[in-house]
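A lone chain, given as structure tokens: the form predicted on its own.
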Amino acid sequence: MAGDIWAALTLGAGYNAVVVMLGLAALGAAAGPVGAFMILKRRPLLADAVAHATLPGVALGFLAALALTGDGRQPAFLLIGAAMTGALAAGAMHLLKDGERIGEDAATAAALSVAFGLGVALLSLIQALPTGGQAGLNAYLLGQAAAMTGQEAWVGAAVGGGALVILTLLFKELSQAAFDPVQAAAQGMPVRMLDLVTSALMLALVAAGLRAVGLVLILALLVTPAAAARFWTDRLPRLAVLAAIFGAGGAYLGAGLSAALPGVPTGALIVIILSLVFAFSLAFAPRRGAIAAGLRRLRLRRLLARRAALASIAAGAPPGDRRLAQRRGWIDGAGAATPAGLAAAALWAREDTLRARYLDNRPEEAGRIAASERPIWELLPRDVIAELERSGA
């Protein structure tokens, strides 16, 4: 088994498996940045609703192919049907939202429930047909890369590559429309059209990824890479690049493992891999990760405790945390301030005065100044410190 997995991941599992893995990597590389824009617009569930809305399209495509060719499992019919019903659902959600009669979340929930319910009903109808039932359609629910054809993989690669090209060309406009649509509209940008471009890219990726990831789990391919990348950066270009790397890597590994482990759904493997990436980012990202945030809170508590102890010594009162003050050498065993404690308290009083004067004019700097362990004269230029000292003279 290990040998099969290694062979698959090193592109040694055969031509079809290699094409599928590379095609899904291209699809994942595009899904990450598109998901980043969906998150910026606060519409991650739009992708989930559209994905579920493809189910009746898959069923209708099966019925159309069955009537026209005698074989309902024609990929072209299934994908076209999925794209059509997904587009109808996306359009319905936009119309409901723009009508301002119901909220966007309610419009999304309505489209998802109606479309998915219709899809389940059509699948039940197909199951009752005397033509082999819905065998093969389950792959569109959970994904199965091993059963994909080279043509389907090339379609996924083409859709992913095309989406990346469009994102690159329109990145500046899409970014401005996502961050501040009012300002973008004031500058003459077609905000509504840019919004539709984002939705169209999302719909194309959903339709192209159905066979590999499945409509139930396609949301993870769109949202999880971007959510994981968000922990590592605050800049949108870097976020898009990281999301593309995470999406491509997760899709490649998931497709490779699925090819080496027959019967294991591709979508589930991709979701597991991307979830591990998200969990690692959540825990270990240097600025926004949980461990870093916990360490910052711990340092802040210790900083506030030291400042409180020095404030008490400066006021001639015993510090509340005597153990901390004794450990620092600021008080003796009887609780009296030591020369070192008095010097530290005087220095703290000077810093606190300068900090208060600076923040009176620059309150937006409060977070950076108050939370820093460095004294204020190491954070500000000398001329600013000199001006603050003169202002109290």
Partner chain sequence: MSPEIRVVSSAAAIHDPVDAESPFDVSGLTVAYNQAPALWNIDYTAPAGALVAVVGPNGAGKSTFLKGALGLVPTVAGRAAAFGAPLGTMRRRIAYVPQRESVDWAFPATALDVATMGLYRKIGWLRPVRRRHREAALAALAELGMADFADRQIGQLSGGQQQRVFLARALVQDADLYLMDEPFAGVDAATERTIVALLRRLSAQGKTAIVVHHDLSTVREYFDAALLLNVRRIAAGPVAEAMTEANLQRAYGGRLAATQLTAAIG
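Residue numbers count along the first chain shown, from 1. A quick note: this is a predicted structure, and the numbers were derived from the prediction, not measured.
The protein also exists as the form predicted in complex with its partner chain; that form is not presented, and the subsequent description refers to it.
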- Note on the structure: Of the candidate stretches 252-260, 312-320, 75-83, 166-174, the one with residues having heavy atoms within 4.5 Å of its partner chain in the predicted bound form is 166-174
- Message: Each of R301, L347 and E373 having a non-hydrogen atom within 4.5 Å of its partner chain in the predicted bound form: is that the case here?
- Response: no
- Task: Select from the listed residues A90, A178, A157, A204 the one whose heavy atoms reach within 4.5 Å of its partner chain in the predicted bound form.
- Result: A178
- Scan L40, L60, L354, L66 and let me know which has any heavy atom within 4.5 Å of its partner chain in the predicted bound form. L40
- Query: Taking the shortest heavy atom distance, is L242 within 4.5 Å of its partner chain in the predicted bound form?
  - Reply: no
- Would you please decide whether Q183 lies within 4.5 angstroms of its partner chain in the predicted bound form, comparing each non-hydrogen atom pair? yes
- Heavy atoms within 4.5 Å of its partner chain in the predicted bound form: does L194 have any? yes
- Would P286 count as touching its partner chain in the predicted bound form under a 4.5 Å heavy atom rule? no
- Query: Taking its partner chain in the predicted bound form, which residues of 361-377 have any heavy atom within 4.5 Å of it?
  - Reply: R362, E364, E365, R368
